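The chain below stands alone, shown as structure tokens; this is the form predicted on its own.
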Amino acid sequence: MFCLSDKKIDDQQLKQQTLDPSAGGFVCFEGWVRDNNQGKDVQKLAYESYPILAVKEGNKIIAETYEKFDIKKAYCTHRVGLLEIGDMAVWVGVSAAHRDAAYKASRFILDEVKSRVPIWKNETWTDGESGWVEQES
């Protein structure tokens, strides 16, 4: 399952949803807002998205993950709206019988979300300027 959230990500609730008694491994990734990017000091940032398409494409990625990897459960939540330094921007969690599948599936989800889901990042820098930031692919 993929979702967008304009509220703080509840990583403990997501972890509980992702755990599975038949899984021997659980991997999560948390992406946080950092205070610098590409040589500039960041004050805050805002994520915008096209929600209908973002959720549709995000859920397509999760479905592909189940097809590609031997996993039990997978979730991804991405924040939208205004975020401050230290806020969690994205959370990915995967449970699997074995750690290798969980690691690989987690990486796949994050990489695909960053390259395919219509979410845009606008940073505000400490010099008062702001601008859209290209996503990594």
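Note that residue numbering follows the sequence shown and begins at 1. All figures in this text were calculated on a predicted structure; none of them were measured in a lab.
Keep in mind that the form predicted together with a further copy of the same chain is not shown, yet the notes after this line are about it.
For the residues V80, V55, A97, V42, the 4.5 Å heavy atom test against a further copy of the same chain in the predicted complex is passed only by A97.
By the criterion of a heavy atom within 4.5 Å, G128 is excluded from the residues contacting a further copy of the same chain in the predicted complex. Taking non-hydrogen atoms only, V27 approaches a further copy of the same chain to within 4.5 angstroms in the predicted complex. With a 4.5 Å cutoff on heavy atoms, L14 does not count as touching a further copy of the same chain in the predicted complex; it lies far away. Contact check for F69: every heavy atom lies farther than 4.5 Å from a further copy of the same chain in the predicted complex.
Of the residues in 99 to 116, those that come within 4.5 Å of a further copy of the same chain in the predicted complex through at least one heavy atom are, in sequence order, R99, D100, Y103, S106, R107, L110, D111, K114.
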